[in-house]
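Below, in structure tokens: the form predicted on its own, a single chain.
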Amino acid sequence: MPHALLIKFPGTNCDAETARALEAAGFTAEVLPVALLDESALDRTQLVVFSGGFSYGDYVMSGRIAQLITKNKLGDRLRKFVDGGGYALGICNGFQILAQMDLLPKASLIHNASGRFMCRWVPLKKNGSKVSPFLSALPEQFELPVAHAEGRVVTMAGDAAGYVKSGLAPLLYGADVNGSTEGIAGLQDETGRVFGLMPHPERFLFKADHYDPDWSGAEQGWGYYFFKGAFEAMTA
């Protein structure tokens, strides 16, 4: 059974919900405070998760302090973990952290075009033939909630269009949500094992989590299938 290690920073506030979602999909899950993190922690896991929240209060910039502390504690061990077949997932603030670790295509997460924090449900669509394991059990179009102030994906000129064309941007918004270039909602690395996204799949685990009490799109919430796809990929 694959094991997920969720690294908790001061200000991380979605780790318990994410651990619950992973366990519902079949994983065993461990929430580890960053103070206890060392390289040996990666020896006992197949998936490293950076959950949503406001790590270190988003001081300096979102995810920056968490990225620096993770780098200080793990050095290049996380890169070696991924190169050796490990998976890494970043959700919302976790996406912001991963984006600064050189594990995803080069991009930055900056303030929404509106200049405001947003908390709403958004339409999403899968993109490209290179489907991420995390998206493999989901339909071509679905919806999830977002909750962020700095979720707009920006890149060097032309890079975003290249990511969309190549499939490195496997998840797009179905509408203009926050001004993200090319509508990018998530990025993955060349292997598909490293994935970062702004929407919160852990917040739509059950049908009852949906804003429409009569929602009947699937047996479970779409977030369940997000984590189930990864589980199935790791146990295939």
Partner chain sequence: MSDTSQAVFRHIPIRDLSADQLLALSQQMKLSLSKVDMLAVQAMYQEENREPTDVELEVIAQTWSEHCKHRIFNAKIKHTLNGEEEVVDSLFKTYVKAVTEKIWKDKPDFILGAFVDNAGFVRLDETRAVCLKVETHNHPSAIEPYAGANTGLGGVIRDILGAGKGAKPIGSLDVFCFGPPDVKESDLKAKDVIHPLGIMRGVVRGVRDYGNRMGIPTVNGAIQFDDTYIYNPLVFCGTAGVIPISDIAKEVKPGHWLIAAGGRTGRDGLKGATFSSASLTTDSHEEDQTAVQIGNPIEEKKVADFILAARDKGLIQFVTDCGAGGFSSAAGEMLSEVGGEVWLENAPLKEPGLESWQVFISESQERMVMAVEEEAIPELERLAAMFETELCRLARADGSKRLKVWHYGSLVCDLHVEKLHEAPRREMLARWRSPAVKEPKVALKPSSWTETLKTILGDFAIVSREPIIREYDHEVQGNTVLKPLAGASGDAPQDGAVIRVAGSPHLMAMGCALLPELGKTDPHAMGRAVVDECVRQLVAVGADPDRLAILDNFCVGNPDNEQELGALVECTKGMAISALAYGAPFVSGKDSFYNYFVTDEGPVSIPVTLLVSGIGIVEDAAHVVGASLRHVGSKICVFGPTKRGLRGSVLGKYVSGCGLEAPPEFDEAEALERYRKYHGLVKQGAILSTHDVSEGGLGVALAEMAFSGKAGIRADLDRVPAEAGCTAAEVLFGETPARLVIEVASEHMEAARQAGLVVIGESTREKWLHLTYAGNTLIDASVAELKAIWKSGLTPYY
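Bear in mind the structure is a predicted one, so any value in this text is a computation, not a measurement. Positions refer to the first chain, counted from 1.
The following text describes the form predicted in complex with its partner chain, which does not appear among the structures shown.
Partner proximity in the predicted complex, defined as non-hydrogen atoms within 4.5 angstroms of its partner chain, places exactly one of 42 to 50, 198 to 206, 165 to 173, 178 to 186 at the interface: 198 to 206. None of the heavy atoms of F27 is located within 4.5 Å of its partner chain in the predicted complex. Residue contact with its partner chain in the predicted complex: C14 places a heavy atom within 4.5 Å of it. Shown alone here, G217 lies farther than 4.5 Å from its partner chain in the predicted complex, counting heavy atoms only. Within 4.5 Å of some heavy atom of its partner chain in the predicted complex lies at least one heavy atom of C119.
Contacts of stretch 63 to 82 with its partner chain in the predicted complex, defined by any heavy atom lying within 4.5 Å, are made by none of its residues.
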